[in-house]
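Only one chain is shown below, in structure tokens, and it's the form predicted on its own.
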Amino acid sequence: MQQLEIRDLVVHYKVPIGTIKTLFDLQLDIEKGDSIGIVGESGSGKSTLGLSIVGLLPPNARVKGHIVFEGKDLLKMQPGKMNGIRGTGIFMIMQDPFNSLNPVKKIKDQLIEALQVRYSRNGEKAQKGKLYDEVLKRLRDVKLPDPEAIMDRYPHQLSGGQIQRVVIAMGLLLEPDILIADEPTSALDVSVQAQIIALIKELQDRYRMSLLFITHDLSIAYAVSEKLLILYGGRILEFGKTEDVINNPAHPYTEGLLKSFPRGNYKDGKLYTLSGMPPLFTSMPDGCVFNPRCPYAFDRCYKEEPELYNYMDKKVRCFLKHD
């Protein structure tokens, strides 16, 4: 059952030098219980996609298209009504978790406030003791040691990994239908990254949430997602089941990303790298957005932009896979 439908999504920003487009006619269906990894280099439009869904784009953003959640088009909703969905319907873990918390309020006060929002939206009331106990339970769910002590601290007194777990606990308290995690492990060391990834996957399965996991790391996306979306230059280049995309990449960009992944078995000691640089949104190439870096590009690639074709069990934006 489709939980979220994105149709013809276009996002551009008004800046002093003109207009910068960051997402181009994006189409995506999210089914209940889906776990989708969204992978791309910096500047590919990953965070813009997440912020578009929760309605937190900056004031200079202009959005067209449709984002339909449970039959309601979020892009047509008034800000006040959108507040009723953001958090309890769709919750987003930001790339920097410190920005999600108030630095002058204790952790317990912020988490209890989030829980009160959920009770209020559901038309329910709860005693203060019950609120405290539920917050404590969620902190235990995210495997924070000594949660009673954590609740009595301020954000600056916690480590990056602890802050990230607190923000995840906040999301669980709001009981969202869809959880969007924007690079939730980027500022953490490798061991803590593995713990957070395992935790998010465990909690998604336990609470039956849909998950959009935004990352630049294919290995992390592989570990956490059942479907994989490759984003480049604001366009979907490949989308399908994670196993299919990883084991049989159909787009030259996906192929290049996989070949550049360190494996420790290079005879000459050299790591494969994609030539060139990601496109600037101020100067997109004609034709296929990937043609300046593609080793298989031919004449048509420089003149026409390919559609998102059905190829086997995937969708691929490449003329090589057409017909």
Partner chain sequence: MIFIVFSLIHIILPSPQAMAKVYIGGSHFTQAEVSAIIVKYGLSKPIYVQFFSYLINILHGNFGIDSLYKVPEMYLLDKFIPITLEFVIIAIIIQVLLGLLTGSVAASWRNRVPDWVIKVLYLIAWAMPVFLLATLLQFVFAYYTKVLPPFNIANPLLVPPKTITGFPLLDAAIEGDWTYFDSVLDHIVLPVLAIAFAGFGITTRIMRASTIDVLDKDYVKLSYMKGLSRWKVFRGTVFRNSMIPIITLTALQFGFAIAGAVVIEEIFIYKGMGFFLYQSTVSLDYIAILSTTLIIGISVIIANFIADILYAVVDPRVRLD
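Keep in mind that what you see is a predicted model, and the values were worked out from it rather than measured. Numbering follows the first chain given and starts at 1.
The protein also exists as the form predicted in complex with its partner chain; that form is not presented, and the subsequent description refers to it.
> With heavy atoms only and a cut-off of 4.5 Å, decide whether L174 touches its partner chain in the predicted bound form.
Judged by the heavy-atom cut-off of 4.5 Å, L174 is in contact with its partner chain in the predicted bound form.
> Please tell me whether any heavy atom belonging to Y119 falls inside 4.5 Å of a heavy atom of its partner chain, as the geometry stands in the predicted bound form.
Flag for Y119 set to no.
> Would Y154 count as a contact of its partner chain in the predicted bound form, using a 4.5 angstroms cut-off between non-hydrogen atoms?
Y154 belongs to the contact set for its partner chain.
> I'd like to know whether N102 contacts its partner chain in the predicted bound form, with contact meaning heavy atoms within 4.5 angstroms.
Yes, N102 is a contact residue.
> Report the residue, out of E134, D96, D244, D73, that has at least one non-hydrogen atom within 4.5 angstroms of its partner chain in the predicted bound form.
Contact residue from the list: D96.
> Could you work out which of E113, D217, E226, E202 is the residue within 4.5 angstroms of its partner chain in the predicted bound form, going by heavy atoms?
So the residue touching its partner chain in the predicted bound form, by this definition, is E113.
> 226-234, 154-162, 249-257, 191-199: which one contacts its partner chain in the predicted bound form at 4.5 Å, heavy atom to heavy atom?
Checking each option against the 4.5 Å cut-off leaves 154-162.
> Select from 56-70 the residues with a non-hydrogen atom within 4.5 Å of its partner chain in the predicted bound form and write them out in sequence order.
The one in contact is L56.
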